[in-house]
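The data below hold one chain only, encoded as structure tokens and taken in the form predicted on its own.
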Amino acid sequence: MSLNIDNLWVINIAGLEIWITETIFNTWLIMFILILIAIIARIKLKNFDEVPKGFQNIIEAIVEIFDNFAVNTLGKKLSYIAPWYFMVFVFVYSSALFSVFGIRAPTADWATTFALAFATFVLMLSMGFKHQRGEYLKSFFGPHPIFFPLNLIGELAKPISLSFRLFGNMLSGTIILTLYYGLTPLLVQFGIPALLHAFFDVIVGAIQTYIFVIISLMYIRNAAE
């Protein structure tokens, strides 16, 4: 594991250089594994049992738990965007879990976290204009038009603060683990790193994923209401 984001390949298309970085490759790898798992789950669940058991019971429990979480946070009116954030939750947490195997988490790169936060920002604006129409635009000028610049800066700051929160926490774990591997002798690089990975990748990863998703949902709900 390294602090630097390596550039793996450079593809030239019509004189334009496209860099395939470690972040992009790891993102594709995680996406491929998650899509493969989704396809396997879809095949296994082709014929639903009225009384779920085994694998079907696990999948239904996961979906139901997240669906209830999304409905309680968003409200039923906005619950139709829950599948998107289920995908975000799975991807962000998978990025943390794959760090256990020495794969640099894509979320330790600000480009990834900003892209996810920017998607939340677009959804926030879309839901605000869709459900409040002109009232949402008026909110930028409240309680007095003189506050418009501050209100605008406040809205623009949301995706930036959201992205830096996730990025900073994921990068801090990467830095600590990299320093440990780089500064300690090989003899103590067995056993102790497992505890560090369990804390930073599994526990902190789960907490930061939850925080990222719930803040995103609250931003969207506040904009829509």
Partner chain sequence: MHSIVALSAKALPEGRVFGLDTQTLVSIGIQLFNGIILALVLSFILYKPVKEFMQKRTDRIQGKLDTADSTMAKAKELIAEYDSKIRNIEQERMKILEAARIEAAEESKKIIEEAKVEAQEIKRRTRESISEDKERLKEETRLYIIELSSLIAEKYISRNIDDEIQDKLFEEAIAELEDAQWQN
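These figures come from a predicted structure and were not determined experimentally. Numbering follows the first chain given and starts at 1.
Absent from the display: the form predicted in complex with its partner chain. The rest refers to it.
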Triple contact flag T73, V202 and I211 to its partner chain in the predicted bound form, non-hydrogen atom at 4.5 angstroms
no
Decide whether I39 counts as a contact residue for its partner chain in the predicted bound form under a heavy atom distance cut-off of 4.5 Å.
yes
In the predicted bound form, does F148 come within 4.5 Å of its partner chain, counting heavy atoms only?
no
Given that the partner is absent here, does L78 sit within 4.5 Å of its partner chain in the predicted bound form, heavy atoms only?
no
Is there any non-hydrogen atom of G142 lying within 4.5 Å of its partner chain in the predicted bound form?
no
Selected contact from I176, I192, A198, I59, since only one has a non-hydrogen atom within 4.5 angstroms of its partner chain in the predicted bound form:
I59
Checked 119-135 against its partner chain in the predicted bound form; residues with a heavy atom within 4.5 Å, sequence order, are A119
